[in-house]
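The chain that follows stands alone, in the form predicted on its own, written as structure tokens.
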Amino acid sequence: MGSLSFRERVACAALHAAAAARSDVLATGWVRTKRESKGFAFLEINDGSCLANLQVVIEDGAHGYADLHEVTTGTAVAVRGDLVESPGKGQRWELKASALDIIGRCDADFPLQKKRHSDEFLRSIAHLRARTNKYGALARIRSRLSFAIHDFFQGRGFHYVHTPIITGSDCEGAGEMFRVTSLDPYAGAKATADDDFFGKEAHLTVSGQLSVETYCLALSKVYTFGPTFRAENSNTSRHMAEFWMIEPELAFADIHDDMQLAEELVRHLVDFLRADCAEDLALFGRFVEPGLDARLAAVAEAEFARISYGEAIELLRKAGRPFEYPPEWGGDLQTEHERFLTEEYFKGPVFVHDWPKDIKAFYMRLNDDERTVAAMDLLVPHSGELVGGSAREERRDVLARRIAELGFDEADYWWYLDTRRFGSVPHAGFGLGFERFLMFATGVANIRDVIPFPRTPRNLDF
């Protein structure tokens, strides 16, 4: 067959979308199934470009037919032939092969020969699970949604800023950060932070927000989209040590502008997903969450309600039902509270704004009552909190006071405070967890299943 030219090859997705028969097509992929009859055989191959397999029909006498005994599930093949209309059900086209070459043989113990495997088992072979329908679809959705995020912000004049992964400050103040060091932790020497690479403690960032704010106060509209890290020893279905965050910042803006931007982003991503990834999304509607598309459509078409935290607490108190965690002013909203507000009371997304300052981060703008901050959470049906954001405290004296109240070292935030000395302006932003959005959009219940290689406690195999 000769060398494989990228320009000659045609992706399975393109062949399925073909408008007419084509001659002398070269298709490559991995065998999903093989069925043999006397004098001919059917192969289903998939190259990962789409969910659907391409059916290949090869007859005795074609080049490579004699090698079919070596072709098993998982084998990589190249097939040349003519694209013709298929008389069978389930596909419009099939490839009538004139030649088949084995590119990569597959060992007999290939673990994906069964049609269905548990998610737990597939997590143990994360290096292979993208070869399944579910995880291949998730990978394509993740890729396309990444594009949609950049498309949204770039189309609205936002500038993409690459913020540092190594940091000397704790954005969230929770202290659950991974330390970055050049010192040998097993050497036993009594080294201090002064002896380390940066001369002080360094960590993997939990958020790019503080850094991207500095560019917001120069470029007005910015965003960062990258990996973040949290050393939280949690094995729940909603936590990982490494995850991706979308974090825009908007200058000359308040909490209401912030909520509007978050609403527009969520609508854009939902609309994009339903239009651009319909085939892959349908897989999750069939096998993961029946009625998924209807739920997403309802979110895209709904009015996003807006209520204060105090109003939310009153609604919960008057709900006429016992909650496992009684709603009290000053406490965080629990999952049962979020579900009541989104799925029963408002029957759609709701922004809860103006939260008690004691349960929110130091950088959020203090309201005039000095009990609350201009913070907002977007709650959605099925998933609960999807977005968290705030107006940022642009007043240096108030920001310094909050840092001191929480016992932080002001020296760690000198540069952040410095931006409040030189032309500070009201600004606002939010964080949207990319994996959290993928769970919301696909109905997948475990965050480990929406990222290619999950990083969780005691799990660093891949």
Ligand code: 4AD
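The first residue of the sequence shown is number 1, and the count goes up from there. Please read these numbers as outputs of a predicted model, since none were measured by experiment.
The next section is about a form of this same protein that is not shown, the form predicted in complex with the ligand.
In summary, the region of this chain contacting the ligand in the predicted bound form, judged by heavy atoms within 4.5 Å and restricted to 126-134, 347-355, 201-209, 159-167, corresponds to 201-209. Of the listed positions (V373, V387, A97, C216), a single one reaches within 4.5 angstroms of the ligand by any non-hydrogen atom in the predicted bound form, namely V387. Of the candidates R144, R267, H239, R317, H239 is the one whose heavy atoms come within 4.5 Å of the ligand in the predicted bound form; the others do not.
Residue contact check for G64: none of its heavy atoms lie within 4.5 Å of the ligand in the predicted bound form. Among residues of the shown chain, P426 is not one whose heavy atoms approach the ligand to within 4.5 Å in the predicted bound form.
In the predicted bound form, the ligand lies within 4.5 Å of some heavy atom of I447. The ligand in the predicted bound form comes within 4.5 Å of no heavy atom belonging to F304. Applying a 4.5 Å heavy atom cutoff to the ligand in the predicted bound form picks out R230, E232, R238, H239, M240, F243, M245, E247 from 215-247, in order along the sequence.
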